[in-house]
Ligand code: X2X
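Single chain ahead, by itself, as structure tokens, in the form predicted alone.
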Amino acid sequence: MFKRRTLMAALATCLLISPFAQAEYKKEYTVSTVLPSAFPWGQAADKWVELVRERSEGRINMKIYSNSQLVSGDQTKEFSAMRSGLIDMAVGSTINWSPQVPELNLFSLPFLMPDHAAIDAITEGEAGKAVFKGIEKRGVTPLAWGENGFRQLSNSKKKIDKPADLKGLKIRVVGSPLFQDTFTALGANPTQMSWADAKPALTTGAVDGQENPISVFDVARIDQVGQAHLTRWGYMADPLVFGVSTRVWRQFSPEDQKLLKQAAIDAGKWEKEKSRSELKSTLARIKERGITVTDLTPEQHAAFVKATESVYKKWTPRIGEALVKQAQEAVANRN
């Protein structure tokens, strides 16, 4: 009897100190997004929450807080809030997280990715793994990629098909210094502001234009605030990252970590396929509203590429010479 009690006590002690012992889970985990369910971004988060709930049979509950409400509307503070554990999880933008993770600026380099195959070649290859390591070492555990899409340029003044057309235009950009440098190189006057402030600024004419995926242009009805001209230049794309605060991640059992990750992978794949398949119909709706849509010729595109060469010279050392080269090779060798 004494030996049995001793054995039971030893087992209990091992369970208490085991790194794999399951901590008591929260009743609800917060999930931060910038855009709500009307947008592909929000739909990616919806799908993740749905799959986790189903596969955990309700043991893991996640609640989405859109419009960056957990950080008072300032999406650039989302990563820091996750790292500190104030936010449990997020489906976040590489742009918004880039001030804290320099490697994420890779995706903001102008005209690096000419098509969806190029995005996939980077995110699914060695460059994507390197970027994930950069996120992980800063306190957030990345699980999977999603997609916000190629960012296109709109304005209220005129058709834009060459760099000179941007001279002096006030363009709303997100809070990334790389965006400031890109639009400055093109002769524009970039104005940083959160998405929450962007539409009012467009309404009053405080800024002349903005850049966003056409899904955002469509759903947010940017055409209703004077944005009559849209240039499809695809100058950069914004992959989304499904992430979990590492402090929170360590509380899950290995089995539930696997469940959360696979659900994120499946949600990301679903969202990418859905958003890409809807691009043609989205563009058709925009044109039906009388918006002037400009597609660049190869020569016009090349002029924008040349005009932004200085951005690469400045930012490649900050991002990492090896990482940028890795990404460029992935794009060159894409299927």
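Everything numeric in this text was worked out from a predicted model, so none of it was measured. Residue numbers run from 1 along the displayed sequence.
What comes next is about the form predicted in complex with the named molecule, which is not displayed.
**Student:** Counting only non-hydrogen atoms and a 4.5 angstroms cut-off, does Asn148 reach the named molecule in the model of the complex?
**Tutor:** Contact with the named molecule, yes.
**Student:** Do Trp48 and the named molecule share at least one heavy atom pair within 4.5 Å in the model of the complex?
**Tutor:** Contact with the named molecule, no.
**Student:** Taking the named molecule as it sits in the model of the complex, is Val52 in contact with it (heavy atom to heavy atom, 4.5 Å or less)?
**Tutor:** No, Val52 stays farther than 4.5 Å from the named molecule in the model of the complex.
**Student:** Taking the named molecule as it sits in the model of the complex, is Val34 in contact with it (heavy atom to heavy atom, 4.5 Å or less)?
**Tutor:** Yes, Val34 lies within 4.5 Å of the named molecule in the model of the complex.
**Student:** Please pick out the stretch from 200 to 208, 224 to 232, 254 to 262, 94 to 102 that is in contact with the named molecule in the model of the complex, where contact means heavy atoms within 4.5 Å.
**Tutor:** Contact-bearing stretch, as computed: 94 to 102.
**Student:** Only one of Trp249, Phe111, Phe132, Trp195 comes within 4.5 Å of the named molecule in the model of the complex by heavy atoms, so just point that one out.
**Tutor:** That would be Trp195.
**Student:** Which one of Asp165, Asp120, Asp181, Asp238 is close to the named molecule in the model of the complex, taking close to mean a heavy atom within 4.5 Å?
**Tutor:** Contact with the named molecule in the model of the complex is made by Asp238 alone.
**Student:** For 155 to 181: residues with a non-hydrogen atom within 4.5 angstroms of the named molecule in the model of the complex?
**Tutor:** Stretch hits, in order: Arg172, Val174.
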